[in-house]
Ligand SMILES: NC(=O)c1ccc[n+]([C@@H]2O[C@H](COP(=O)([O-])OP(=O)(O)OC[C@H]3O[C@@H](n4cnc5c(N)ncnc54)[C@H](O)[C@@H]3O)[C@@H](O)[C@H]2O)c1
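Read the single chain below, which is given as structure tokens and is the form predicted alone.
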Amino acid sequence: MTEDSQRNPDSTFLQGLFGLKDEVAVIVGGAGRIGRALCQALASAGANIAIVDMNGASAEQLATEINASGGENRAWAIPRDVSKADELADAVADVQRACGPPSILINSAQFRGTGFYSSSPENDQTEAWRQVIDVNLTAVFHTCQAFGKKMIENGQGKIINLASTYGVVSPDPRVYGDSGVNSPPAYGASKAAVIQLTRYLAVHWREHNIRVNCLVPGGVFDNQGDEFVREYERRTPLGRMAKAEDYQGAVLFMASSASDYMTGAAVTVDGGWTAW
């Protein structure tokens, strides 16, 4: 490799690996903290973006920002709650009508529920458990089903589900100090199940040319309390909490041709949190 080629990487090669021109990417929870960064990354790679989110105003604002960026791609706000069967059906129809056949699905919505504010699992309430499982697992499965059927009809697709390090290891209660706050048991259980669901769909949809992978993110800084941030960063080998943008590269990899030989994988991006 010459010195000039090292300074000037082959843009055609990189575009072939990571470019998403003419792809239709559906990001559920796309107006959220991580979802917003993922929408921006996929739009920059050339994909058309369907922002499916309960928060219609935030989805509209993000769509406007992406459309004003000057690229050839378009973004649409799809204000729907996919945990409700009728709204999920409407979301699929809305995406098909506005954007065309979906080729990428990212499930980035999450819900911790009221149980997040209890540090005692023996006192966790059944209704709090049910709410978290309904949103973080059941809705993810139903969304994969609904958009997966369209991908099967079109003969190809890529699905990326977002889990959590708390689906791999237990939350460390020490990072919460004396706050009385802890991550609820349903959250970790739902995220562990998402990893297994990802593997299941990857195997069963292999003949339909649908790849299904999973991102396992660590904690994102969002103006949490000083004690929590300090303890979390001390517990993390890279010494800081994540930024939402830290997940753009991994998701772009999984959504693009760069990962054509990967399915059923759980890609951990957590600053080393689960390395010890």
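Counting begins at 1, following the sequence as shown. Here the structure is a predicted model, which means the values were calculated and not measured.
FYI, the form predicted together with the ligand isn't displayed, but the following is about it.
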Check: Is Ala109 close enough to the ligand in the predicted complex to count, meaning some heavy atom within 4.5 Å?
Finding: yes
Check: Is there a heavy atom of Leu238 lying 4.5 Å or less from a heavy atom of the ligand in the predicted complex?
Finding: no
Check: Going by a heavy atom distance of 4.5 Å, is Asn55 a contact of the ligand in the predicted complex?
Finding: yes
Check: So in the predicted complex, does any heavy atom of Lys158 sit within 4.5 Å of the ligand?
Finding: no
Notebook entry, point to check: From the list Val135, Leu201, Val95, Val175, which entry has a heavy atom within 4.5 Å of the ligand in the predicted complex?
Noted result: Val135
Notebook entry, point to check: Only one of Ile34, Leu42, Ala50, Cys214 has a non-hydrogen atom within 4.5 angstroms of the ligand in the predicted complex; which is it?
Noted result: Ile34
Notebook entry, point to check: Exactly one stretch in 76-84, 201-209, 96-104, 121-129 has heavy atoms within 4.5 Å of the ligand in the predicted complex; which is it?
Noted result: 76-84
Notebook entry, point to check: Are all three of Phe141, Gly188 and Gly264 close to the ligand in the predicted complex, meaning a heavy atom of each within 4.5 Å?
Noted result: no
Check: Are there residues in 211-238 with a heavy atom within 4.5 Å of the ligand in the predicted complex, and which are they, in order?
Finding: Pro217, Gly218, Gly219, Val220
